[in-house]
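Only one chain is included here, represented as structure tokens and corresponding to the form predicted alone.
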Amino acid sequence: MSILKSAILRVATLVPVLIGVSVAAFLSLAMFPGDPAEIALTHLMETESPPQEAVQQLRDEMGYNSSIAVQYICWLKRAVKGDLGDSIQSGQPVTTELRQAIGPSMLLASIAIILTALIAVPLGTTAAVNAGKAVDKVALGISLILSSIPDFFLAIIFILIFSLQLQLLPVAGYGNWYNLVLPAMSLALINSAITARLMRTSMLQTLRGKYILTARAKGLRESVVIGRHALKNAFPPVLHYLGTQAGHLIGGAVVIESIFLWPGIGRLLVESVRSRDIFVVQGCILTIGTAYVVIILAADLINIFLDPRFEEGE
């Protein structure tokens, strides 16, 4: 199978996955106790018991009296057009609140993944090149310690040291680059622990390849062998893992976003669940799921073009 055909096949598989994500987002409304129409009117009319006539009318308008299949199709048509309803709390369109939240989340996830790669790739490569030596043991020890620390605990330690003691960085906030340092480092250090071990494993396997022995037999410098030949072939599995982590961080950095008051989509989801803002919750689930799938696809496509063997799962 050619690289182009493999890439097209990967893109084609995105459609059923996105349909599954939309079904999960739609069914999330059923997780909330009570009648969605009644919940909406309770907030809009600021009363505990909205008139049943108004509830029934809203149910008719929103299609809640139809079968689940019909409800899903009607909701999906509106979602494709960008209509996810209005926030019960703010009255703004859900898409507006999602646009305001997805940017900060993508910024935080991007910087965290870049920092993860900058830490983990050199660390894992150094450990692999010096396998069994003191450097390798120290790197594995650091990786083991970091992977055992919860991200929220590391975030609190950073706040105590860099914000309260040294007063170098703000405790929380959004809008300046220095607000990004602590949350990004909290996520990057935890993720770099596992990424470094994966990089080490992949590099060790690559260094055993015949083409590496051939490159060394030609008299190439070790730095050229590692940088030009080994690193290129060892990196694709790490890139795929970084893609999964980036997708996870888009909506999964809930605790970090809450600690640092970062206005991301994970924090928006938590606040919406707490306030029973059901349409925002639905929109968050749809957005997070879609972002995760698209990012994984992008990582796969990059891997296919970097290493054609990846298309066959080798």
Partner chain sequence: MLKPKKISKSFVLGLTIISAIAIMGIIAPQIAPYDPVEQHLRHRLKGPDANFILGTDYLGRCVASRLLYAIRPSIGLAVTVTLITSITGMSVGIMAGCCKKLDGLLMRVTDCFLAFPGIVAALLCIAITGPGTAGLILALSIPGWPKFARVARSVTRTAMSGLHVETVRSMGAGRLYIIRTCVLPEVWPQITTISAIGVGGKITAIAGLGFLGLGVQPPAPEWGTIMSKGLSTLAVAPHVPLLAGLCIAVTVMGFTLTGEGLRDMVDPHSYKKHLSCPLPEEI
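These numbers were taken from a predicted model, which means no experiment stands behind them. Residue numbers count along the first chain shown, from 1.
Heads up, the form predicted together with the partner chain isn't pictured, but that's what we're talking about next.
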Can you pick out, from Gly103, Gly82, Gly227, Pro150, the residue that has a heavy atom within 4.5 Å of the partner chain in the predicted complex? Pro150
Since exactly one of Ile157, Ala134, Ala217, Leu118 fits, which has a heavy atom within 4.5 Å of the partner chain in the predicted complex? Ile157
Which of 107-115, 231-239, 157-165, 67-75 lines the interface with the partner chain in the predicted complex (heavy atom within 4.5 Å): 157-165
May I ask you to check whether Val138 falls inside a 4.5 Å heavy atom distance of the partner chain in the predicted complex? no
Please check if Arg208 has a heavy atom lying within 4.5 Å of any heavy atom of the partner chain in the predicted complex. yes
Is there a heavy atom of Leu9 no more than 4.5 Å from a heavy atom of the partner chain in the predicted complex? no
Is Val21 a contact residue for the partner chain in the predicted complex, using a 4.5 Å heavy atom cut-off? yes
Those residues of 252-287 which, in the predicted complex, come within 4.5 Å of the partner chain by heavy atom: Gly252, Val254, Val255, Ser258, Ile259, Leu269, Val270, Val273, Arg274, Arg276, Val281, Ile285
